[in-house]
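So this first bit is one chain, no partners, the form predicted alone, shown in structure tokens.
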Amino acid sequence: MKITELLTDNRPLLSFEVFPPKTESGFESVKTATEEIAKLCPSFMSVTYGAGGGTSKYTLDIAKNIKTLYGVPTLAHLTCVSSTKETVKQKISEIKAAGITNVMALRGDIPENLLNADRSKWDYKHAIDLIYELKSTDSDFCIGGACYPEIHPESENQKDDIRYLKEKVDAGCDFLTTQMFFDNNLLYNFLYKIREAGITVPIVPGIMPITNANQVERAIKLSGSFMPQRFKSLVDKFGSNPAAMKQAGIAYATDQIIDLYANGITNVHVYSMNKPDVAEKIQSNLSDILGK
């Protein structure tokens, strides 16, 4: 099933994101964790793509396993940074062969050893190049893209950021998933601006449950996310108590999701980090809302 078909449902829906193992030795434990999350019957599950494409095989293995065993629609991530056309076309063929029609088209993080490289000769410089490639290969792909309620870290201003986002949508992006955020008002303001700019595709908000204090610094580094005082107080109070921080982080994420549903959002995507217990607890907190 295409993700866009799910996003037309007016019922509150919940989806989860998982990531593949970094090495073959970790495959079975990751496979087990992702299966436990799949048993929750989310609206869909996305499977990330390892840095530099090093774990791309595992991305497809995990996505295909979830889809085959549990019938959960899957969204396979694909990045193109510093890749050749031949490499990307091969990955697209593998995705098609796995029977996966939903693809998250991303540029990907630039490896540290290539930060100062001459990018002018790269086959793919931005996610839009990958979107064009996917559309030209198979127009039946349902293509997702990323968006940033608080501005892309490499953009100079939000106006330019939204203009680039519009170009990405016009190239064939069917829906957008947001980077994590911890203040829903930032999302609502962003939605108003992109709708004014003529971006009408479905937007799936991405929520990251912070279940230990060490995640805070990483979240800020990855996305530059604004941390509201309410959230900072939570970390200050419970950060030194792992069990309490986990409970408080799940409660905070749940509260964010409830507010999103109450304000007309239908599908919320949870960055569940291969943690079945976190995914299960959040879904349990929303059981009557979700009808589960």
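Numbering starts at 1 and runs along the sequence shown. Only a predicted model underlies this, so the values are computations on that prediction, with no experimental measurement involved.
From this point on, the text means the form predicted together with flavin-adenine dinucleotide (FAD), which you will not see here.
- Segments offered: 193-201, 133-141, 87-95, 177-185. Contacting flavin-adenine dinucleotide (FAD) in the predicted complex at heavy atom distances within 4.5 Å is 177-185.
- Looking at flavin-adenine dinucleotide (FAD) in the predicted complex, residues R107, H126 and E154 each place a heavy atom within 4.5 Å of it.
- Checked against flavin-adenine dinucleotide (FAD) in the predicted complex, the residues A213, I100, A171, A146 give one hit for a heavy atom within 4.5 Å, which is A146.
- flavin-adenine dinucleotide (FAD) is not drawn, but in the predicted complex it has a heavy atom within 4.5 Å of D161.
- Residue contact check for Y49: one or more of its heavy atoms lie within 4.5 Å of flavin-adenine dinucleotide (FAD) in the predicted complex.
- In the predicted complex, at least one heavy atom of T79 sits within 4.5 Å of flavin-adenine dinucleotide (FAD).
- For the partner-free chain shown, just Y271 of 264-279 comes within 4.5 angstroms of flavin-adenine dinucleotide (FAD) in the predicted complex, judged by any non-hydrogen atom.
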